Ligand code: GLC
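The data below hold one chain only, encoded as structure tokens and taken in the form predicted alone.
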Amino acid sequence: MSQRTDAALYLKRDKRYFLLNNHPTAVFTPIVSATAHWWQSGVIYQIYPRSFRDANADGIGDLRGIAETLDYCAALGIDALWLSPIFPSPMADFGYDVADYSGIAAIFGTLEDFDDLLTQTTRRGLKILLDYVPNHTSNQHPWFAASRSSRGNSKRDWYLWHDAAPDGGPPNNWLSNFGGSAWEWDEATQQYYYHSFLKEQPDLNWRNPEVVAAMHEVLRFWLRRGVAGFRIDVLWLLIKDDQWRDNPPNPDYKPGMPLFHSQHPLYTTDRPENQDIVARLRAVVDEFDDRVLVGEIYLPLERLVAYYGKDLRGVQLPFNFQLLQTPWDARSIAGLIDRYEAALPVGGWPNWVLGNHDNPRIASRVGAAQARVAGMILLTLRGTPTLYYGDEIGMHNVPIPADQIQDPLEKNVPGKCLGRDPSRTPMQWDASPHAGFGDHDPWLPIAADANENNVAIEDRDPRSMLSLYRRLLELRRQHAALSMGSYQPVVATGALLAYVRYTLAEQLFIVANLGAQPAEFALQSVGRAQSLLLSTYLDGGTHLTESKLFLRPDEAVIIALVPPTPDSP
């Protein structure tokens, strides 16, 4: 039975009717129980710890610095902090090369600092998610040191070792995401080892039961400590082909693209065996009450949704990065939302992302005015939103001088504009030196406009981006239709994107003008306007009648419609 039929029956059974009849192909979404998990109604806020707040004046953000900002985080209205890796690491890839899964890197603090942060977040009603990096370790991890010590070591098979090809070269054509071959020759043991990323990040062998058991214990270590769950790094890469077959060429590859894209990674990504690994990770997390797994998965929608797992026993939130990749126009986004909603498995909970540590900031992608519209879209679509630190104040990409580049991806693949440093610059707290980030020159440059674009200034401005985000997050808490309600698209044309979020008790109409010209919308197709709840302009200047809405350029609004009427007995 289709989702539309299910929803219609549900509404009829509860003696309510829904007014939107203008979209015959719309995908209705079922009304969700009020007893939802926290991660369904909540909002996740990603912190890049190096760049959030420096409490010990070494130029690098740390756990005590994060603790100093918790009142800000709580007042913002988010529910969980996702911390990018904080484990001991040589920092070849800034923490994604883990040398000890059960400790804290000294630059970030100690386990005691982490426990204190966890206590303080709990007091404020916040949760912590950690970044779990299961695909690879650092080459300085004791496991790899043992594996590399000899072919006969008991941990040799914990990593992916292979003899050279007959010509002495790499075993096959597999390429690293960070440039060049994915195989590194080890002179001492006369074999190659595989690395999906840097040579300092050897891949673990998830076909080895001992590796699986050890990595499950990593989850339990932090779950026992009290974390609410994990974001899982490169989840779709964990298993590689056990026949070591060459990846086929990518027919869409064009000169000038990074070399990695010259292949279709058929044998190194999204292998069928991956689903069993994910299900077993979920089983570990389910040993604890109401914890969540969020999977980093850059795959097309039809493959992405497979990671919900059979009977929804995979990750609860396979990260939906489509808003990072879709052209910023109303028709493209409307089509994307419909395709995503239609692709979700029955009971699968959606999620949306506008920015993260690997992609350009939303304000740089779409401009300052549309970044406000984007924020409203993110926080009113059905599902769990993830915010990237600084997007709530409109931070943009910061140009990085060549002599200050830190990102190994940019260093390994120069000239391809792949560097991620511009979106990882320090949080802009105030107009003091270093933007209030700390008392030492920071590890990356501060934005040139940080004196005008920071938390302190925006906190005092009732029309700032920060004020808009706070108001949006407040509305999500006040209106179940936004946090847990169903979704129906509304037919719109031109630069307008429109949809309704609804429960049996209320209907909220969201319409966004993604264009630079004024636009009108006739409300009779959705019902009668009851009140304007919010405009991205935050100025009270929106022109709204019972039957018509007049949108200004780059404006998005939330309108409460006249409540639904019970059916006749």
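Each residue number is its position in the shown sequence, starting from 1. Everything numeric in this text was worked out from a predicted model, so none of it was measured.
The same protein also exists as the form predicted together with this ligand; that form is not shown, yet it is the one meant from here on.
Could you work out which of 320, 488, 201, 268 is the residue within 4.5 angstroms of this ligand in the predicted complex, going by heavy atoms?
It is 201.
Would you kindly say which of 420, 264, 471, 148 lies with a heavy atom within 4.5 Å of this ligand in the predicted complex?
By the 4.5 Å criterion, the partner-contacting residue is 420.
What stretch, of 180-188, 226-234, 384-392, 252-260, brings heavy atoms to within 4.5 Å of this ligand in the predicted complex?
Single hit among the candidates: 226-234.
With a cut-off of 4.5 Å between heavy atoms, is residue 341 one of the residues that contacts this ligand in the predicted complex?
Residue-level check for residue 341: no, no contact with this ligand.
Should residue 430 be classed as touching this ligand in the predicted complex when contacts are defined as heavy atoms within 4.5 Å?
Residue-level check for residue 430: no, no contact with this ligand.
When the contact criterion is heavy atoms within 4.5 Å, does residue 197 count as touching this ligand in the predicted complex?
Residue 197: contacts this ligand in the predicted complex.
Would residue 313 sit within 4.5 Å of this ligand in the predicted complex, counting heavy atoms only?
So residue 313 does not count as contacting this ligand.
Scan 327-341 and write down, in order along the chain, each residue with a heavy atom lying within 4.5 Å of this ligand in the predicted complex.
Nothing in the stretch sits within 4.5 Å of the partner.
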